[in-house]
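A single chain, nothing else alongside it, follows as structure tokens in the form predicted alone.
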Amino acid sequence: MGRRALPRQKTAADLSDHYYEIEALPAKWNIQGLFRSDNPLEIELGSGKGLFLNRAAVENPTRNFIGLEIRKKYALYSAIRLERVGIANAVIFQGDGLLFCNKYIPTATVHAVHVYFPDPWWKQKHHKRRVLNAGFMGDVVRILEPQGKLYFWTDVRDYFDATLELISQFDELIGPRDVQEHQPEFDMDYRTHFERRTRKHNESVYRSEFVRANT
């Protein structure tokens, strides 16, 4: 199921507090000082249109959020939404999210990692392009604080099963824990736009949650 076209942007916004490009970061860039507080940090890999990022930041003002999105038009769209609402505890980084987690996130500093509906790269020869790979899982283990959580959702059963098998190789991640389906209270009461579309088509969503062990 492909992504729909974005609506036309109606305003020119000052995105200096909400939008960054990973390729433009200095080699020794430090995440410290990115936010106004040192509240617990959560990272979303593949933010899309930013539905989760916006809602999570508003509903959890005592946490900080980083959204990682490789598509520039989606990253800009999400950043504009953050700026319009005046959300101070969430930012968007455009570019290679795997590189960002590997290079710029210190060890044991992340409260939660969210990965929702990543591109399944259907063909066997393209599976190596999937974001949930052994290298990234190693970084997840490294950057999560003790008792930190990994959330992974997809609508592709084969991808779900293959990823759970991969994660099982990392003893530091305890799970998977079952995640109950939330019944929406209004039209946009979903974790992401992709979840909304999937469920409105009466298609299955496979959800998992893992917890980082203390050791």
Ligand SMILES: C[S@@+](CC[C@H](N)C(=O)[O-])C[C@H]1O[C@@H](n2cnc3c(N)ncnc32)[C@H](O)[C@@H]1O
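Predicted model, so just to flag it, every value in this text is computed and none were measured. Position 1 is the first residue in the sequence shown; the rest follow in order.
Although it is not shown, the form predicted in complex with this ligand is what the next lines describe.
Residues within 4.5 angstroms of this ligand in the predicted complex, judged by any non-hydrogen atom, belong to 70-78 and to none of the other stretches in 83-91, 70-78, 104-112, 141-149.
Residue in contact with this ligand in the predicted complex (any heavy atom within 4.5 Å), chosen from L173, A57, L41, L45: L45. Proximity of R199 to this ligand in the predicted complex falls outside the 4.5 Å heavy atom cutoff. Among heavy atoms of L98, some come within 4.5 Å of this ligand in the predicted complex. Residue contact check for V131: one or more of its heavy atoms lie within 4.5 Å of this ligand in the predicted complex. In the predicted complex, this ligand sits within 4.5 Å of a heavy atom of F194.
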